[in-house]
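Quick heads-up: the structure tokens below are two forms of one chain, split into structure 1 and structure 2.
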Structure 1
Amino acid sequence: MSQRKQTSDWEAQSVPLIFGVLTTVAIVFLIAPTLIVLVTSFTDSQSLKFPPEGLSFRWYLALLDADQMQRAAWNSLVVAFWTTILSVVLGTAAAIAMARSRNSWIRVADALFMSPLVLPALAFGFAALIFVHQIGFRPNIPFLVLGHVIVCVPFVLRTTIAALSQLDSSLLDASYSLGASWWMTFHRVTLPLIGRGIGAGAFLAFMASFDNVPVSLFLADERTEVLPIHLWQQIETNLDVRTAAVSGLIIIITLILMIIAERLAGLTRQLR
């Protein structure tokens, strides 16, 4: 009896310790590469090396004359903007339809919408390229945006469904009983209450589109170069130090946007 109690006590003490160690290792592997890139971006040397011999903003200032990188960044912003708009419209509409329905096809529809996150990204990008050629078209900006939308809609869908699950249906019933139409109820009641969930999904969709490599690799045409692909090519060819500066700038801007999204939309709360 005492041996069983000792075993139970050992398990109660060791399991939290093991999970704590695994969590620490995961955090280190997630944060350490980001910190290395961020520190390397301030190097004063002509080549990428860590730790840097000296610190300087020279490569950040060099981005002001990097015309090709600026064009690639602008293309990524345009694609991410339209992807976010379409993802918000489609994801919100799908979330409302799925949240209000009790039919058995909801699970099938949910699995279909979430499937782009389950499929390997490279496989989806290659399949999308084959499909575009099969219907007689060539890769271009509209198809690139469409491919990004397919990948990014699940983010908006998931956060919006989470927000709708917390919505008190009696508020909608009260609006209808007072003579409000469906559109007025949605505009005056539903949308303000789920706005934070939609905003959190829009933020995730924008970042996922801006940083997407697999879909952009296959669906961008030869005249359109997005920033992730441009950085990938620069790293493969000449290890331009400006790539570290661009990466550092993306990290800093992402952190700022995450703080803003947390303050305005409660990003962490919406993802629970």
Structure 2
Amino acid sequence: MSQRKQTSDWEAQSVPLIFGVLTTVAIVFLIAPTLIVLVTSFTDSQSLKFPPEGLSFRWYLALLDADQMQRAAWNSLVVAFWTTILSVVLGTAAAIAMARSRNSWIRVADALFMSPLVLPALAFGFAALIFVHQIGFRPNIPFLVLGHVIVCVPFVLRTTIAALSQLDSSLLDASYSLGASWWMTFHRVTLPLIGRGIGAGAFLAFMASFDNVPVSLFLADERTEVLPIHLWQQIETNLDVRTAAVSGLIIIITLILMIIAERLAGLTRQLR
């Protein structure tokens, strides 16, 4: 009897135990690279050795003179800004249409809008380049933004549709029956209730655009070089410590933005 009790205790505890160990290993595995590159970026030597022998801000100060890198970073910010604006406006409108409509073509549209998440993005980037050439243009910032919107809008759609499905439709009926117009109902009832969902989607779209390589690889050239492509080329050709400093800067800014997104939009709850 006592032996049976022991085995069942082991049986009951082994799942949480083993899963707990796997989770711990995975979390260390997920976080360690970020921490290591952050610490390395403060090195005072020429090498990327970890742990660094001495600490300094010299590579961060060196970024002040890195003109090409600054230009690339600025281009990335401009593209991510416009991509986010367009994704939020087009995505929110489409989400409202899709969340409440029972039309069968809406389901086709849903599959179409979500397909950039599973289609190899690099093939789309190349297709967009061919298309821009075929219609007689050269790649420029507006085309780059449109390409980014295609691959970033699914994030806005996902979080906004999720927020809309939580919305009690009797609130909308109440608003209409009290004589409010569609626009007023949207502005005063719907928007405040789904704002956090839109906000989380906007944040994800911004980060996805800032980080995008497959589309930028084809739609950006020397004049419109964006940061991820610039860094990728830097790492491939000559590995210098300034790359670690930019990486450190990106990590710190991402962390700050994530904390803001968590406070304002409840980011982690929106993703659950």
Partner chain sequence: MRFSESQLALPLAALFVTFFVAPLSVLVALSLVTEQGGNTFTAVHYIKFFTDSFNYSILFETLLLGLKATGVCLLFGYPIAWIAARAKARWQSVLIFLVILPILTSVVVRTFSWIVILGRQGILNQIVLGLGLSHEPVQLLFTEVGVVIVLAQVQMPLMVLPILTVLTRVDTNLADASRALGAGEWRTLWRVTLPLSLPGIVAGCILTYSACVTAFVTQTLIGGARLIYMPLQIYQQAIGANNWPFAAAISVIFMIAVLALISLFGMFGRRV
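Here the rigid core means the biggest group of C-alpha atoms that line up within 1.5 Å when the two forms are laid on top of each other. Because the structure is a prediction, the values reported are computed rather than measured. Quick note, the numbers are simply positions in structure 1, starting from 1.
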query	finding
Selected structure - the one that is the form predicted alone	1
Hinge between rigid parts between structure 1 and structure 2 (choose from P192, L239, L122, L38)	L239
Degrees turned by the smaller rigid body between structure 1 and structure 2, as judged from C-alpha superposition	13
Backbone CA shift between structure 1 and structure 2, L55, after core fitting (angstrom)	2.7
Angstrom shift of the Cα atom of V25 between structure 1 and structure 2 (superposition on rigid core)	5.2
